[in-house]
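Consider the single chain below, provided in structure tokens and representing the form predicted alone.
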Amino acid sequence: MDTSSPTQKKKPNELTSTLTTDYISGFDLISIEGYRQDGRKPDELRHFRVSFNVVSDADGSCYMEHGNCKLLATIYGPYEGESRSNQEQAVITCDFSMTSYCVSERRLRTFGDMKSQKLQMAIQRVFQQAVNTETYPKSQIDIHLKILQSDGNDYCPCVNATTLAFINAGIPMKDFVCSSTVGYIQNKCIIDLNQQEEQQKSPQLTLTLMPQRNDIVALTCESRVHHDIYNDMLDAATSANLQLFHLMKQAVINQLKTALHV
């Protein structure tokens, strides 16, 4: 006679099984040596390259490659906008679209969806603060963004490319605007997430910063984290934005040297 107790089956939605799955999915992202899947260290940015004046009829334009993300930012204006009373500063608009082949899954709609509208509004709010709009009363400035190839977060590359396009257009700004995303995986803060890392179920923080003024323009954290982890993520995002600032500043200097034949 078998006196052993019957084996209890675990429910598939138990907390232990969920935590194990999340741990395994995150474990493969960082090797034992501390390198990520694309060979970067946790505090290392992706490849960064920019070109200016790529659209001849625009007032300012910038083509950017940030990792596998490729996008085009163009600026039109300032020009006389619609007649409005008491308009003492320029109005900034934003148009965002993506090519149908920019992601692995073919998009049937490349503009006008809810995600695109949210990104447009976020970009518009950021540069309404960063641009000296009072210099151009009763005028309008249009931002056009086109994602040619996506690699996860589109917001941050769009902010960085738009900043360089504004500088290329000669429109005065209060400061550079830099944006970067940080994730917390395997008890480590990793900066500048790619698509694979962004898809993980891990805390993520996005910081948009004016680095020389040390002003936060926008800050989002979509997960609940301990305040110590939050502070570490904020410090990592600030460091990433400072790295981006130096790269963007150097790109502007190189463009000026080319234009002046120095």
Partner chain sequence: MFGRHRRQYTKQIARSLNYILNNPKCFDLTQLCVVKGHHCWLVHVDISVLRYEGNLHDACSFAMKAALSETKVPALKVNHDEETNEVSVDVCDDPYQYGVLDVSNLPVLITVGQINGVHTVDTTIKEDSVTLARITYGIKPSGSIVYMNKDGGGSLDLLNIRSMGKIASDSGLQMNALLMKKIQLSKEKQASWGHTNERLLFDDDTFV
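Residue numbers count along the first chain shown, from 1. What you see is a predicted model; the values in this text were computed from it and never measured.
Beyond what is shown, the protein has a form predicted in complex with its partner chain; the following relates to that form.
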Practice prompt. Name the stretch: of 28-36, 221-229, 200-208, 43-51, exactly one has residues whose heavy atoms fall within 4.5 Å of its partner chain in the model of the complex.
Written response: 43-51
Item to complete: May I ask you to choose, among Thr135, Gln117, Gln87, Ser100, the residue with a heavy atom within 4.5 Å of its partner chain in the model of the complex?
Response: Ser100
Worksheet item: Would Lys188 sit within 4.5 Å of its partner chain in the model of the complex, counting heavy atoms only?
Response: no
Worksheet entry | Heavy atom of Ser56 within 4.5 Å of its partner chain in the model of the complex | yes
Discussion item. Taking any heavy atom pair closer than or equal to 4.5 Å as contact, tell me whether Leu72 reaches its partner chain in the model of the complex.
Written reply: yes
Fill in: 4.5 angstroms heavy atom contact with its partner chain in the model of the complex for Leu148
yes
